[in-house]
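Here's a solo chain for you in structure tokens, the form predicted alone.
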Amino acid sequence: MKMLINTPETVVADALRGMALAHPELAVDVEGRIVVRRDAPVAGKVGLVSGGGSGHEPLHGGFVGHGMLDAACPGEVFTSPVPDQMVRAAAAVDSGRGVLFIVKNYTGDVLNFNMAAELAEDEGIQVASVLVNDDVAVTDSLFTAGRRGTGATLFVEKIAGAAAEEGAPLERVEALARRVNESSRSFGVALGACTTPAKGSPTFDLPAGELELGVGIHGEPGRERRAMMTSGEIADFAVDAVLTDLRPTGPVLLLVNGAGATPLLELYGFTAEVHRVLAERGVTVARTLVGDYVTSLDMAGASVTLCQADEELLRLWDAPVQTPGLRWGR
């Protein structure tokens, strides 16, 4: 496979060096592997820290900035960051009001963030943690005990980040983050496999003319494989899978997320089909976001994430945000 890299061993460090040059508003520690708001710690503000394996960009480093995360910890490709990174990030953003860890439900992430929370508290930093586990495709997977954390991570980071920016205390920010996660569900579809730099070839076999329904963001198997379907048929399947579990009683936030190699031409067409299905099911869409936000390297495909949102969540969603990967209102 052709890749725009130097070597697999340096791909994350090289990306961080480029990120530092492109975004001087961030303090990027290439060796220590943390990305921090340059104005951190912000006085009187709860700090938000997240992280995970690289390869899902702009998640998480691309969501560091005003109105979202205060710091992110990138691991190697599809590999959890280590506790030392997380402790350094917590120390860098702690203003004395505590730090919230936002953790996707993958075994390595959960274990390392739990260890980091204990180490940070030993250093006098108050830490709370919220687990994101929104994927309805499978109950357990190759990487998890329980549901995987996927697209809802963006909703959690944005809404909790807005609350923290307003000066909400740690307990309030944590409660909001939990509410967003509990109100969100996702379902993903792969049309083609991804390729990690280290392997240099597709990470799983997906024959021509087939697609994987319910795929994970590392290429983990989903519910089933079928012959290729139309955009409308995929939207019917994905939305029904989400609504069977979520059963919203009010308006929703909608994220149509590209897996990394699906062009916007296709994503917008798919978004129209998702809206059609939701309208047929009597679900009102309050806000729609379309694009590559929680990716899987060069995987072809997309995911649908819905979050039932009341007036408070919509207000926090609309609040200003300025990060490399998400920005509006300021």
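Note that the structure is predicted; figures quoted are calculated from it, not measured. Numbers for residues come from their place in the sequence shown, where the first is 1.
The form predicted in complex with another copy of the chain is left out here; the points below concern that form.
J.: Exactly one of 302, 34, 68, 294 has a non-hydrogen atom within 4.5 Å of another copy of the chain in the predicted complex; which residue is it?
T.: Filtering the options by heavy-atom distance leaves 302.
J.: Counting heavy atoms only and using a 4.5 Å cut-off, do 2, 210 and 298 all touch another copy of the chain in the predicted complex?
T.: Every residue of the spot touches another copy of the chain in the predicted complex.
J.: Does another copy of the chain come within 4.5 Å of any heavy atom of residue 260 in the predicted complex?
T.: Output for residue 260 is yes: heavy atoms within 4.5 Å of another copy of the chain.
J.: Check residue 191 for me: does it contact another copy of the chain in the predicted complex (non-hydrogen atoms, 4.5 angstroms)?
T.: Contact check for residue 191: yes, within 4.5 Å of another copy of the chain in the predicted complex.
J.: Any of the heavy atoms of residue 110 lying within 4.5 Å of another copy of the chain in the predicted complex?
T.: No.
J.: Quick one: does residue 266 come within 4.5 Å of another copy of the chain in the predicted complex, counting heavy atoms only?
T.: Residue-level check for residue 266: yes, a contact with another copy of the chain.
J.: Select, from the options 120-128, 157-165, 178-186, 224-232, the stretch whose residues sit within 4.5 angstroms of another copy of the chain in the predicted complex by heavy atom distance.
T.: Correct option: 224-232.
J.: Looking at another copy of the chain in the predicted complex, which residues in 1-22 have at least one heavy atom within 4.5 Å of it?
T.: The stretch touches the partner through 2, 3, 4, 5, 6, 11, 14, 15, 17, 18, 19, 21, 22.
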